[in-house]
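Below sits a lone chain in structure tokens, taken as the form predicted alone.
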Amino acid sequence: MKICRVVKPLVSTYRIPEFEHKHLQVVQDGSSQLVAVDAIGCKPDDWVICVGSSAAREAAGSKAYPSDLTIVGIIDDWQAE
């Protein structure tokens, strides 16, 4: 699992069918920006818990779902270092 900060939503009109209508977010992981599937409905500046690999696919709804990173929780209180 990773702790990331949500930067902004990512809109992608043309997608492969397996992506369905899931929301995407740009998240900051240290100095890297990544795209994560938003399984819970977060907003910019939220600190979130993300999972990767097969856990990301299952959290997005299916082992066949094409996701490497999925947001699974919003952190209520976090003091970034």
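Values in this document were obtained by computation on a predicted structure and should not be read as measured data. Don't overthink the numbering: it's just position in the shown sequence, from 1.
What follows is about the form predicted in complex with another copy of the chain, which we do not show.
Chemist: Look up in the model of the complex whether residue 5 has a non-hydrogen atom within 4.5 angstroms of another copy of the chain, and give yes or no.
Modeler: Close contact is absent here: in the model of the complex, residue 5 is far from another copy of the chain, nothing within 4.5 Å, heavy atoms only.
Chemist: Is the gap between residue 44 and another copy of the chain in the model of the complex 4.5 Å or less for some heavy atom pair?
Modeler: No, residue 44 stays farther than 4.5 Å from another copy of the chain in the model of the complex.
Chemist: Taking another copy of the chain as it sits in the model of the complex, is residue 21 near enough to touch it, meaning that at least one heavy atom pair lies within 4.5 angstroms?
Modeler: Result no; residue 21 lies far from another copy of the chain in the model of the complex.
Chemist: Of 24-45, which residues get within 4.5 Å of another copy of the chain in the model of the complex if you count heavy atoms?
Modeler: Contacting residues: 24, 26, 33, 34, 35, 36, 37, 39, 40, 41.
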